[in-house]
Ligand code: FAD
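Read the single chain below, which is given as structure tokens and is the form predicted alone.
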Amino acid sequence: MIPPLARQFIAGETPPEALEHARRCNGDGIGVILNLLGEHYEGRAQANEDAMTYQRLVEDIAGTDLQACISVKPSQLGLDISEDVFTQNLGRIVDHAAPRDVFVWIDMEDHTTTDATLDAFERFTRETDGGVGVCLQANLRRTHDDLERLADLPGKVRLVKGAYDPPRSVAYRDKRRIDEAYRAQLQYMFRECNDGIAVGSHDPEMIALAQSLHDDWETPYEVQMLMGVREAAQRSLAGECPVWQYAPYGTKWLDYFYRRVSERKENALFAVRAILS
């Protein structure tokens, strides 16, 4: 059972709980991206099992009127085992989702997985004519080149500032420099990407920039934020542009919860206040 403190960030342990969370968010005008928690599997059985769980989740979503989709992690589908295992499992999910009109996001993990992730995205978004999206991280030095590669492809691109503590040889480490890269990449996306942009940020400055760029270029875009972070802002923004909440669920919630609490000062303060009360 997930304790009340962790419930701020986790949509439940089971698919029915996750779908009920999506229904509540939809009531506030917010779409939901459901992610089954799990990553870095070394055994094929675990990767195959999660791929099957995603296929069942696709059926559950397709059987409702929910504004919901799914997001998968490459290492969850077997990338740590081999690129072939990852591609096969992702293909099974995409083949299941496409005819049911359920969108599939591919998360981006550490910098060593970028090439395999983008190769899979390019293949499957072409096959589904844009039924797949992928995440890029602004802190990586290669990201502008990756955007040029993806600009003419169907499917959406989510831009985030980045995580995973990459080395300086491949990434910007200074916050100001990362913010500069994010602004420049967002400007490029609004000029060059025609099939939709996802602004993956809680930063009011970046969200305001996206709104301004949309006024200039009329490129379709949405804002994506995490469950449990700036939720009042999510509800407020939903009246101005499409807003999607990334909502993880499942039994493997403990590590994810600790990451959310430790990465932002306000999250840690929330946890302390909850414990003291």
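One-based numbering along the sequence shown. Values in this document were obtained by computation on a predicted structure and should not be read as measured data.
Absent from the display: the form predicted together with flavin-adenine dinucleotide. The rest refers to it.
For flavin-adenine dinucleotide in the predicted complex, the listed stretch (95 to 103, 189 to 197, 144 to 152, 159 to 167) containing residues with heavy atoms inside 4.5 Å is 159 to 167. Residue 130 falls outside the set of residues with a heavy atom inside 4.5 Å of flavin-adenine dinucleotide in the predicted complex.
Residue 183 falls outside the set of residues with a heavy atom inside 4.5 Å of flavin-adenine dinucleotide in the predicted complex.
In the predicted complex, flavin-adenine dinucleotide stays beyond 4.5 Å of every heavy atom belonging to residue 90. flavin-adenine dinucleotide is not drawn, but in the predicted complex it has no heavy atom within 4.5 Å of residue 238.
The candidate spot formed by 135, 175 and 224 is fully in contact with flavin-adenine dinucleotide in the predicted complex: every one of the three has a heavy atom within 4.5 Å.
This chain lacks the partner; the member of 117, 201, 125, 76 within 4.5 angstroms of flavin-adenine dinucleotide in the predicted complex by a non-hydrogen atom is 201. Contact with flavin-adenine dinucleotide in the predicted complex, defined as a heavy atom within 4.5 Å, holds for exactly one of 209, 62, 70, 229, namely 229. With contact defined as any non-hydrogen atom lying within 4.5 angstroms of flavin-adenine dinucleotide in the predicted complex, the contacting residues in 100 to 131 are 107, 108, given in sequence order.
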